[in-house]
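A lone chain, given as structure tokens: the form predicted alone.
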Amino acid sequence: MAEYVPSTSDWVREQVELYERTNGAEGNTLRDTGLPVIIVTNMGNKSGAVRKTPLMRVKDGDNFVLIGSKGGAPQHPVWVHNLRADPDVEIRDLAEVQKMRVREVADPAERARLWAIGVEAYPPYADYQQRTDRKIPVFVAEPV
């Protein structure tokens, strides 16, 4: 089993620790927004280490929609590269932990539908796309 290497970002590391320590009773929203987050556990594409990232909780039935916005930054978040390299993840939604497999959404109609669900859950995504020239990647995590 690979070793968990916490994020070098203080707020990410602290949120993951709080979320997991309390089974999602605390640390379950994005900072001061009040909007729910999940914890995505995946393998680092370069390090091979276990990585954990809080992402917006965007549901589509039994699936989760993962949007690689990074606040509209010019480059993808590292977790996007991790998911492209290894699609097997674990998602913690409060106390429920589930093994899932992700796929990057390529079909334009499916992407548009999932993007709309994402923007409804977290409206800043629309602004983030306007801030960057890159096409923000959309993944869907499906139960294994």
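Numbers for residues come from their place in the sequence shown, where the first is 1. The shown structure was predicted, so the numbers you read here are calculated from the model rather than taken from an experiment.
Unshown form predicted in complex with coenzyme F420 (F42); subsequent notes refer to it.
- You can rule out all but one of 113-121, 100-108, 87-95, 30-38: in the model of the complex, only 30-38 has residues with a heavy atom within 4.5 Å of coenzyme F420 (F42).
- The closest heavy atom approach of Ala25 to coenzyme F420 (F42) in the model of the complex falls outside 4.5 Å.
- The closest non-hydrogen atom of Asn82 lies within 4.5 Å of coenzyme F420 (F42) in the model of the complex.
- Among heavy atoms of Val12, some come within 4.5 Å of coenzyme F420 (F42) in the model of the complex.
- Mapping the unseen interface onto this chain, Thr53 counts among the residues with a heavy atom inside 4.5 Å of coenzyme F420 (F42) in the model of the complex.
- Along 59-74, residues Ile67, Gly68, Ser69, Lys70 each place a heavy atom within 4.5 Å of coenzyme F420 (F42) in the model of the complex.
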